[in-house]
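Below you'll find only one chain, the form predicted on its own, shown as structure tokens.
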Amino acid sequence: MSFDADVIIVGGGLSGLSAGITMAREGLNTILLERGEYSGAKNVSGGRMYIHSLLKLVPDALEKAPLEKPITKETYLMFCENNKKISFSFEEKGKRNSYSVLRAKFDRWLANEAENLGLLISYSTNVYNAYREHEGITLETDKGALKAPIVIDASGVTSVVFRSLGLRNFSPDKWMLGVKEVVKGNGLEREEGEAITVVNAIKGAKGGGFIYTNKDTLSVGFTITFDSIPKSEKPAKDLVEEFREKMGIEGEVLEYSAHAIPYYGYKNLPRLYDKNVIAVGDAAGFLINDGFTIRGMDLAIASGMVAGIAVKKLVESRNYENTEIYYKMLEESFILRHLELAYNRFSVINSSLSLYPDVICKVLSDMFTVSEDRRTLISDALIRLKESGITLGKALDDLRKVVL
């Protein structure tokens, strides 16, 4: 059977473009299918990129990529009951490890880089089905059918290729809804950027808010697991507006977008490969939330690069079913290692995120209040833990997971 290309990539976001750039450099005949009118047209993310993977893909990216501001200040804000809240910041001026980005601009630039290397991108092409045929994969699109011996699924958390092949199901507790606004901002006087992470901003919503400073705007967003949407005090359509108002952010809303994002954790990752098909980026469930960093873009770029090298080996061997090679390369990379390192903290955040801020707030309130019934810090903490239904054993076990 004749094929239309050595490999077809479904999805023109960071992971798909990174795979495409890698394979274009390796001389592979590659087609990338992007459903938007341009790369970035359908993408939405928190808007912060840790740049170590980008610098491996495009070594001079700092000189030419449309990055916004370097993030050098981290602020955490946790809301508690009865109008209590905890906040703290850490600042490291001059640090150049992560930047705020606007994906509509950034992805379009990266696509131009890929096309300059010879990658063929078909825009406004929607893939709606995939099936196996004659030792390859056939993709049904609104522009006709395409066939390849190997397909890279970079279509995001909905993973249209894996889903069509029966390799993926919708998991409401493993997906999050992310809603985001780009606001014409104020408070942007700092030359360097700030990331603000907010916990418990909306009662009942299992997730959190974020604010990133761009050059001329603010990225304001809120994420919530699908299974907690019915428990939220606000409907999904109002989450980001409610969050923005609670944070006192005013200004013209320039963009609004919503998107499903993965929330699996290392031990719950979906299938990453099967015969003739590989998943990268969000389609592979690659997202890390370890309490200090929330990241997916560096994992997307790196997994795309690993997939590109893996496919090069598959094409050279002409054994297109041996996609386990991709997983072995992931194991050798930082991707699965970092996901595994983050899992303990991820599991605590996932199970107890709403419990501990209230306990800490109550203890701090007690410590800053003078009365005749004053207690020691440890005895007060134990009492507040018990009142919240948290046993000492669970608290110590969670502390161990957070520290180790």
Partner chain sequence: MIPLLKRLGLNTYDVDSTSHIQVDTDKCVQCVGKPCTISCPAGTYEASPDGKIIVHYERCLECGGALVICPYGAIKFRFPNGGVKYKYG
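This structure is a prediction, so every number in the text was calculated from the model and none was measured. Numbering follows the first chain given and starts at 1.
The same protein has a further form, the form predicted in complex with the partner chain, not shown here; the description that follows concerns it.
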TODO: Select, from the options 293-301, 88-96, 192-200, 123-131, the stretch whose residues sit within 4.5 angstroms of the partner chain in the model of the complex by heavy atom distance.
DONE: 123-131
Task: Option touching the partner chain, based on a heavy atom within 4.5 Å in the model of the complex, out of Arg345, Lys362, Lys42, Arg48 - done: Lys42
Task: Candidate from Glu316, Glu324, Glu255, Glu332 lying within 4.5 Å of the partner chain in the model of the complex - any heavy atom - done: Glu255
Open item on the list: Using a 4.5 angstroms cut-off on non-hydrogen atoms, would Arg35 count as touching the partner chain in the model of the complex?
Closed with: yes
Open item on the list: I'd like to know if Tyr76 sits close to the partner chain in the model of the complex, meaning any non-hydrogen atom pair within 4.5 angstroms.
Closed with: no
TODO: Examine Lys180 and determine whether its closest non-hydrogen atom to the partner chain in the model of the complex is within 4.5 angstroms.
DONE: yes
Open item on the list: When the contact criterion is heavy atoms within 4.5 Å, does Asp142 count as touching the partner chain in the model of the complex?
Closed with: yes
TODO: Output the sequence-ordered list of residues from 154-182 with at least one heavy atom within 4.5 Å of the partner chain in the model of the complex.
DONE: Thr158, Arg163, Phe170, Ser171, Pro172, Trp175, Leu177, Val179, Lys180, Glu181, Val182
